[in-house]
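Take a look at this one chain, the form predicted alone, written out in structure tokens.
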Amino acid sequence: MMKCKKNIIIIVMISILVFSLGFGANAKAFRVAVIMPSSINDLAFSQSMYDAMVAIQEEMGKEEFQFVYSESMFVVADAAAAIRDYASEGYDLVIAHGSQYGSSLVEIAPDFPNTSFAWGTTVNTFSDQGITNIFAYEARSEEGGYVSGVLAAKLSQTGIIGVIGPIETGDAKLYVEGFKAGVLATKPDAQVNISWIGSFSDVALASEAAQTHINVGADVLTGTAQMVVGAIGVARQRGVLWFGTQADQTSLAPEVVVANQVYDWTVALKPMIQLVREGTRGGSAYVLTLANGGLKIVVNQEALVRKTIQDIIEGKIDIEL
């Protein structure tokens, strides 16, 4: 009996020592894996999610929140393999950050009932198919799009505005429709030319679309998805104003990027994480809006007044006192 008590005391002491050395420090950490279609520094869709992950980790601490990611997962089959691998490794939440990944989740999520999954941009949780462990999230990007459209209409001198979209779906479609509505509400006779290039990632096609818009008189451009870096480069070369969305794109061309609609996914992720911790695996959809702070408008004053400054320098504006 005495020997048994000594063994128990030794086990308890070892457990305390292991924990004090930090081996148990991450026992409570909430673990997230994110699959993204492009790079984490794309200044667009993927970076908006990566920035949200970093912000949550800074707020909660690395001992409470850990995340890993797979970037540039343009091939859906490769993304599906990564989703399944992360689920097999026991992550609390696996985020498929792209509307192209929905069909993969429908196949994978039922195989891992104790793992939570999320995808966007959409509000479809697949609950109508009996799936209970998928969350959804969406950006009401038409709101910021409308705001940018109003400002674009006021700044355009030709009344011709070009829009470069990827595929007509998700937040891209919402943004383009909202932007057009904002332009026409402000300047009903404006011409809004929209190009859907059929790709989220083809930078060359986005560049060509931008050139085409400018060649027919557009003096303001906008676009959405990670391929717009090509269009922004063209706008910078030809001195055409640009309106961005998803992330702050000012650093790419501070002299022409007038404003950006910036996504803050923490507004959706924080309540999602809380539900998972409480035992709810999925079934809820979260929406970013201007009202809840998930959407933010960042205005670049330099580009906003650049044309006025240049006109004064060139003598096109006569300031009468």
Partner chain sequence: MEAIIIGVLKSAIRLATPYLYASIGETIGQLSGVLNLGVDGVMLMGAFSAFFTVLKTGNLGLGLLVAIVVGGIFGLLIAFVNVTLKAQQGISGIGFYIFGLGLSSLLFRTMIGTVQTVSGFSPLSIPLLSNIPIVGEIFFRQNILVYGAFALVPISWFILNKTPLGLSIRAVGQHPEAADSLGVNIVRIRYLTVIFGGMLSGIAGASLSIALLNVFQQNLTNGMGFIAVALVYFGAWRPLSVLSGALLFSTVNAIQIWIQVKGINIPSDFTLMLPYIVTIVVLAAMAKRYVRPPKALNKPFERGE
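Residue numbers count along the first chain shown, from 1. Only a predicted model underlies this, so the values are computations on that prediction, with no experimental measurement involved.
The following text describes the form predicted together with its partner chain, which does not appear among the structures shown.
From the list 144-152, 225-233, 90-98, 112-120, the contact stretch for its partner chain in the predicted complex under a 4.5 Å heavy atom rule is 225-233. The listed set Ser127, Thr169, Gln211, Thr186 contains one residue whose heavy atoms approach its partner chain in the predicted complex to within 4.5 Å, identified as Gln211. Distance criterion of 4.5 Å from any heavy atom to its partner chain in the predicted complex singles out Leu43 from the list Leu43, Val258, Val262, Ala285. For the marked spot (Asn193, Ile197 and Leu205), a heavy atom within 4.5 Å of its partner chain in the predicted complex is present in each of the three residues.
In the predicted complex, its partner chain sits within 4.5 Å of a heavy atom of Asn215.
In the predicted complex, at least one heavy atom of Leu252 sits within 4.5 Å of a heavy atom of its partner chain. When contacts are judged by a 4.5 Å heavy atom cut-off, Glu71 counts as touching its partner chain in the predicted complex. The closest non-hydrogen atom of Ser201 lies within 4.5 Å of its partner chain in the predicted complex.
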